[in-house]
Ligand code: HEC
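Below sits a lone chain in structure tokens, taken as the form predicted alone.
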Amino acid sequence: MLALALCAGCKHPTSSAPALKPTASGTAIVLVGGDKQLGSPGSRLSQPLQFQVNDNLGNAVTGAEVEITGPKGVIFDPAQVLTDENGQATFKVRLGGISGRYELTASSRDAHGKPFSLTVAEFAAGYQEQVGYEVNEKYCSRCHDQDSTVTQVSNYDNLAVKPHSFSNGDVYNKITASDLATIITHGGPAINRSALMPPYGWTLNKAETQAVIAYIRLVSDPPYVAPGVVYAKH
């Protein structure tokens, strides 16, 4: 009881980061890198998120303040920073504990105090979306991704009918989950689409097929909204 009473009377000093003192300002924020990464809920993204502040001539600005914000549960290190000698601001990002799409906004102010910003997306994949990503990497990305990687050469340029990237929401958001499952299982001709899309019904089981669809929905740009579902703003 005495210890509790003593602690109750103690006042512990609180520490806070010193206020930043910007020495310059810009008019626009552009993305340098680190957007559209895929991580697991609660994990730190493997690459930092980087932005650049430019003036009205497109030149990088050193010493401009940039703040980054996002949904509840996302942790930034730091949350505010001054642009470096290259006019860039770098943030480490830890995703929230719920799977889904996270929209993060970097903002700054011009010489008159008017704010300007840029919003990018990162993805927290749950178990099903992670399985879909792994299936995509093994079977799908060699045709649906235009860019070759160190471990895999893209086949995109060899195809007469170009496959759509899985992030192309303008295309995939209009296709029902049932039709997507049919295309994956029986090939494109099953619903009068390209014969260059082969059937994977003998390769993937039903759970893997559904996982690919879940992954497509996760990375969709613009975001996928299920028909008949109403989302609250907060």
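Throughout, we count residues from 1 along the sequence that is shown. None of these values were measured; they are calculated from a predicted model.
Although not depicted, the form predicted in complex with the named molecule is the subject of the following passage.
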{"item": "The single option of I175, A60, V30, L45 touching the named molecule in the predicted bound form, heavy atom within 4.5 Å", "value": "I175"}
{"item": "The single option of A64, I68, L49, I184 touching the named molecule in the predicted bound form, heavy atom within 4.5 Å", "value": "I184"}
{"item": "Location of the named molecule contact in the predicted bound form, chosen stretch of 138-146, 102-110, 87-95, 122-130 [non-hydrogen atom, 4.5 Å]", "value": "138-146"}
{"item": "L159, P163 and L196 all contacting the named molecule in the predicted bound form, non-hydrogen atom within 4.5 Å", "value": "yes"}
{"item": "L204, heavy atom within 4.5 angstroms of the named molecule in the predicted bound form", "value": "yes"}
{"item": "In the predicted bound form, L180 touching the named molecule (heavy atom, 4.5 Å)", "value": "yes"}
{"item": "Any non-hydrogen atom of L218 within 4.5 angstroms of the named molecule in the predicted bound form", "value": "no"}
